[in-house]
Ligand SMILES: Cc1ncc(COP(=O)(O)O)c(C=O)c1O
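Read the single chain below, which is given as structure tokens and is the form predicted alone.
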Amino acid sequence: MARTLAKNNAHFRRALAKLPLGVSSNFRYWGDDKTLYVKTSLGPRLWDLDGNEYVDYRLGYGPVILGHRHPEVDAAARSGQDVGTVFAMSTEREVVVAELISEMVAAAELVRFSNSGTEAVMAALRIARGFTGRERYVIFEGSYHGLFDAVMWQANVEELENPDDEPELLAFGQGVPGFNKQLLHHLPYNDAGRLEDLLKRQHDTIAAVLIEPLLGSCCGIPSTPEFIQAVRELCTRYGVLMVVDEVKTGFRVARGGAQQHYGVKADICTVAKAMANGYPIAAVGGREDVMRMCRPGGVTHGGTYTAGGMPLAAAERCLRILRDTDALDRVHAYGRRMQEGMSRILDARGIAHSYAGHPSMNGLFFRSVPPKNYRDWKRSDYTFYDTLAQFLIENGVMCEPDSREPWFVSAAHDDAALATTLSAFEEGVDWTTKTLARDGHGVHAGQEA
């Protein structure tokens, strides 16, 4: 594709005068000459200001489960305007959508709404603390639970001399108060022994174990079934609440989310992205006795814009489609077909590779065995992926340029999208191999740690 970014670059220069980095999220800035602005979208595709067309596998980091501008969901959202926007009061549809969530997600006996995944996780942690009367909490290395101070920490594993040592915790950026990490326990993923050792010693200070069943911002690396089952058992044994963050996996990997997929039931869970096909809504749900903490004199929860008319109407329609049709089956089937097509191309060239996660949100690795946790991924060489991703974007396949983010699939991805994707992928693999060989990285750069 002969791609020009003249209009995107001109708009970037204009935006830079009023928006830091020219965008409203740090993650949307791809460089002064590569930052894109969307002109329109439809189904599995989007177009930028210059008219460049892309098959979209970012999907807003996962929300667009049915495809862009889904006619039924958008029509439902417009009908939500008939009620109005904001009242600082409730509407009938809140109960309807809460009933749908409870029906689909077994752990969500009671539900409260939020506007975003970050807000839902903030509420979940506050409810856990209110219920237990404890303040400390556990998260796992490589997890992403939103942008609030309590969870904006990462393990500095690169400088560990001994893999069993405790890594230094680094904030995601400036402005995160250092004293916050005094309440945080940060453990390796897929290591139940480390969690058990901690809970034996300090369970009476810990309110919650906060876990992503798949690492949504670390290649979709999944919990092993044994690990997530062990987390459930250990939380029960030691009286600590298991908070399952399904902001990305909810209504995507199964109708009941990853909890259904793994056969576990959280004490508290969060859902967000896929529940309304991109409209801004999220929810926190959980055991009735835990959720009843949201009361006067208990845990304070609220928000001016929570459970707005348009997002609620979109959520109702989207959830009914996911519950009552084969939409998710098509998502999963397409993901498997895409992996099979990529594997044929890579196998024909003798390039080792593997996948992690789930067909609906998977990570691609150029090594024979996928990483099992954040430390494993961080010590990997992802040069081949990073180089290939830039080629794909420039040639009409919109994947995440950062290898940590999974490829997301929607029900709108079809045979034409797959053909475009695999054609660009084959050309990109050959280009990447030649480019890295020319630069001295070798034909199979990035295959093994």
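The first residue of the shown sequence is 1; numbering continues from there. Owing to the predicted nature of the structure, the values given are computational and were not obtained by experimental measurement.
There is another form of the same protein, the form predicted in complex with the named molecule; it is not shown, and what comes next is about it.
**Q** Taking a heavy atom within 4.5 Å as contact, would all three of 252, 274 and 358 count as contacting the named molecule in the model of the complex?
**A** The answer is no: none of the three residues contacts the partner (heavy atom, 4.5 Å cut-off).
**Q** Can you pick the stretch from 71-79, 291-299, 212-220, 371-379 whose heavy atoms fall within 4.5 Å of the named molecule in the model of the complex?
**A** That would be 212-220.
**Q** Is residue 224 one of the residues lying within 4.5 Å of the named molecule in the model of the complex, judged by heavy atom distances?
**A** Because no heavy atom of residue 224 falls inside 4.5 Å of the named molecule in the model of the complex, the answer is no.
**Q** If you check in the model of the complex, is residue 366 within 4.5 Å of the named molecule, heavy atoms only?
**A** It does not: once the named molecule is placed as it appears in the model of the complex, residue 366 has no heavy atom within 4.5 Å of it.
**Q** Would you classify residue 117 as touching the named molecule in the model of the complex, given a 4.5 Å non-hydrogen atom cut-off?
**A** Yes, residue 117 sits close enough to the named molecule in the model of the complex that at least one of its heavy atoms falls within 4.5 Å.
**Q** I'd like to know if residue 303 sits close to the named molecule in the model of the complex, meaning any non-hydrogen atom pair within 4.5 angstroms.
**A** No - in the model of the complex, heavy atoms of residue 303 and the named molecule never come within 4.5 Å of each other.
**Q** Counting non-hydrogen atoms within 4.5 angstroms of the named molecule in the model of the complex, say which of 341, 130, 146, 167 makes the cut.
**A** Among 341, 130, 146, 167, a heavy atom within 4.5 Å of the named molecule in the model of the complex occurs only for 146.
**Q** Exactly one of 108, 314, 125, 247 has a non-hydrogen atom within 4.5 Å of the named molecule in the model of the complex; which residue is it?
**A** Selected option: 247.
**Q** If we check the named molecule in the model of the complex, which of the residues in 81-113 reach within 4.5 angstroms of it by a non-hydrogen atom?
**A** Read in sequence order, no residue approaches the named molecule (within 4.5 Å, in the model of the complex).
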